[in-house]
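A single chain comes next, written as structure tokens; it is the form predicted on its own.
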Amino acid sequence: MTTTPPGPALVMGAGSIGCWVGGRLQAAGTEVHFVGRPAVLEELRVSGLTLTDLDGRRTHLPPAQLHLHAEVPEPGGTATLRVPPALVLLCVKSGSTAEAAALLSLHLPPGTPVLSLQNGIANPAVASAAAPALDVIPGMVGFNVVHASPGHWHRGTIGELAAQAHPALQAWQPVFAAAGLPLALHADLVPVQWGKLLLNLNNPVNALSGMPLKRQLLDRDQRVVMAALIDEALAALAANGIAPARLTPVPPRLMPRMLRLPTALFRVLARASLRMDERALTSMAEDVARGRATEIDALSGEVVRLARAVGLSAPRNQWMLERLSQPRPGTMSGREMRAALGL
């Protein structure tokens, strides 16, 4: 299969994931256009785009090589975007999904493929409802990226990309692979999305702790909290007849048991999952630190809604939903979280 890109790519939401995935694609030869917030675009105009990872790789794209846009560019209406994008990467935060999709639909031809690389389960449906003429494809990001410094994004954990199988993505698979971004296509992405959401239930714990991810995961009190959140999700999934995909060496049903193990044993059994660098954080922790709204509704909120659909409750995820929906949720130790959740 050829690694020639089918055409330009457009990143809608030049944040951590948008800059990382878009930057890797551009470094491998794809023409990429970035739409983002003014503050991020200014960083890129001044510093260019630098990408690093836990394996020591470093990629730098100078400012002059970047196509930056404050608004969705009109294909053919600018000197840089001469033809419509062959693929849009939707990377905005969950709360901005409908607005971003509607804006895309105003400027792009019907049928343009839009790959949602967002947290949670519902974002592709939200985007499709806001932009029914576009072809929205569910996707999943299996790694963590942090904003390390102006113009610099760092991938601090291992993982790959996944998406719902779609004809438009088949031509892009070798392009993503050449960029160091293997893209697995699944006939049904829902189990994969839920498998990832189970892992993402650590995000609110990490955000409340204020700790780097690896250090937080080595705190048994905080792992006990994560286990309780996952227990509620597994009960809701089972009641709804959904079997989450296995994304780690440990099957989903055994994850809570492993999380509750003593730290010395957990460190040995979770060796592969703990392969991350010391500065890795969740995006939710970054949002809390910067006083931004979090995506808690796309994580714990999804668990609460799934449980309610079959007459169950998920009180600990509900507590996280309420706490992380506050403008300034503050920080808590693992012991304090356990006490608040009755664990």
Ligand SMILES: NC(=O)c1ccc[n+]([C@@H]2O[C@H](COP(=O)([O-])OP(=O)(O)OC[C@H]3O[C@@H](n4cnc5c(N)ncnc54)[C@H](OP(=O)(O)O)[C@@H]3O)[C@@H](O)[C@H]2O)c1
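Numbering starts at 1 and follows the sequence shown. Predicted model, so just to flag it, every value in this text is computed and none were measured.
There is another form of the same protein, the form predicted in complex with the named molecule; it is not shown, and what comes next is about it.
Looking at heavy atoms inside 4.5 Å, which stretch does the named molecule contact in the predicted bound form, given the options 250 to 258, 96 to 104, 175 to 183, 224 to 232?
Heavy atoms within 4.5 Å of the named molecule in the predicted bound form occur in 96 to 104.
Option touching the named molecule, based on a heavy atom within 4.5 Å in the predicted bound form, out of Val40, Ala307, Leu61, Leu54:
Flagged contact: Val40.
The named molecule isn't shown here, but in the predicted bound form which of Leu108, Leu198, Val126, Val141 has a heavy atom within 4.5 Å of it?
Looking at Leu108, Leu198, Val126, Val141 one by one, just Val141 meets the 4.5 Å heavy-atom criterion.
In the predicted bound form, do Leu10, Pro73 and Leu89 all reach within 4.5 Å of the named molecule through at least one heavy atom apiece?
Negative, none of the three is within 4.5 Å.
Is the gap between Glu295 and the named molecule in the predicted bound form 4.5 Å or less for some heavy atom pair?
Yes.
Is Val35 a contact residue for the named molecule in the predicted bound form, using a 4.5 Å heavy atom cut-off?
Flag for Val35 set to yes.
In the predicted bound form, Ser283 touching the named molecule (heavy atom, 4.5 Å):
Looking in the predicted bound form, residue contacts with the named molecule include Ser283, since a heavy atom lies within 4.5 Å.
Does Leu117 reach the named molecule in the predicted bound form, with heavy atoms at most 4.5 Å apart?
Yes, contact at 4.5 Å.
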